[in-house]
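A single chain, nothing else alongside it, follows as structure tokens in the form predicted on its own.
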């Protein structure tokens, strides 16, 4: 299995505004990395999950995620948006930090493990603060990988 997140799966200048555009932008990175085989199927699966319940969290966080037959291995994409993206958080704030979690359809609990590890880190101001200030995609990927696997 490859690393969960790598520098090519990080976008520190994610487009602001439209949730679908932001998710597509990160999903395209997953396709280029060979971790998603069918962009349209993956986006449909993300959209179906989003329709069940918004994936925005208070404090400027978006965590779109799904299981999909189009995903080859558990993967985490990360994007930062200066203008913010509306993921339907209860506090009404747009997300400036977006984590795209992609899990294979038969991947068991992999994406839930990632989601849980991420959720534990997101309550720490030091974690979100580091991600809001990091300037290098490789540094962001290394930091996230270390924190989520810890």
Partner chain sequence: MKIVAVTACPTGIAHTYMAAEALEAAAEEAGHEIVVETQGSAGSTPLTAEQLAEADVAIFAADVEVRDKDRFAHLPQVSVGVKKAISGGDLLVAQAEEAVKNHVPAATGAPAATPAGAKAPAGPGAASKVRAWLMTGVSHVIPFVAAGGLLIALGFALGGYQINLPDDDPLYKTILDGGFSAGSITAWGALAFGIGSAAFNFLVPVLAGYIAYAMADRPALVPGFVGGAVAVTTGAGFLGGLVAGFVAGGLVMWIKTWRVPRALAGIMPVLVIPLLSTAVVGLLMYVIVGRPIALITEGLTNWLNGLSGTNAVLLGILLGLMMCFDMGGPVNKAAYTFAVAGLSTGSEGALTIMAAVMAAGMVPPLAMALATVVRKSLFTDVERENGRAAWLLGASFISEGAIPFAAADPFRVIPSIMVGGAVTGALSMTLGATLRAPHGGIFVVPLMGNPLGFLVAVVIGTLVATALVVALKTFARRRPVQAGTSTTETVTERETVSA
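Positions refer to the first chain, counted from 1. Note that this is a predicted model, so its numbers are computed, not measured.
Separately, the form predicted in complex with its partner chain exists; it is not shown, and the next lines address it.
S.K.: Looking in the predicted bound form, is its partner chain within 4.5 angstroms of a heavy atom from every one of 65, 103 and 122?
M.R.: Each of the three qualifies.
S.K.: Can residue 40 be called a contact residue for its partner chain in the predicted bound form at 4.5 Å between heavy atoms?
M.R.: No.
S.K.: Using a 4.5 Å heavy atom cut-off, state whether residue 97 contacts its partner chain in the predicted bound form.
M.R.: No, residue 97 is distant from the partner.
S.K.: With the partner left out of view, is residue 52 within 4.5 angstroms of its partner chain in the predicted bound form by any non-hydrogen atom?
M.R.: Yes - in the predicted bound form, heavy atoms of residue 52 and its partner chain come within 4.5 Å of each other.
S.K.: I'd like to know if residue 47 sits close to its partner chain in the predicted bound form, meaning any non-hydrogen atom pair within 4.5 angstroms.
M.R.: Result no; residue 47 lies far from its partner chain in the predicted bound form.
S.K.: Given that the shift is 3 Å or more, do the Cα atoms of residue 74 and residue 119 end up closer or farther apart in the predicted bound form than in this form?
M.R.: Compared with the form shown here, the C-alpha atoms of residue 74 and residue 119 sit closer together in the predicted bound form, by 3 Å or more.
S.K.: Compared with this form, is the residue 119-residue 75 Cα separation smaller or larger in the predicted bound form, the difference being 3 Å or more?
M.R.: Nearer in the predicted bound form, by 3 Å or more.
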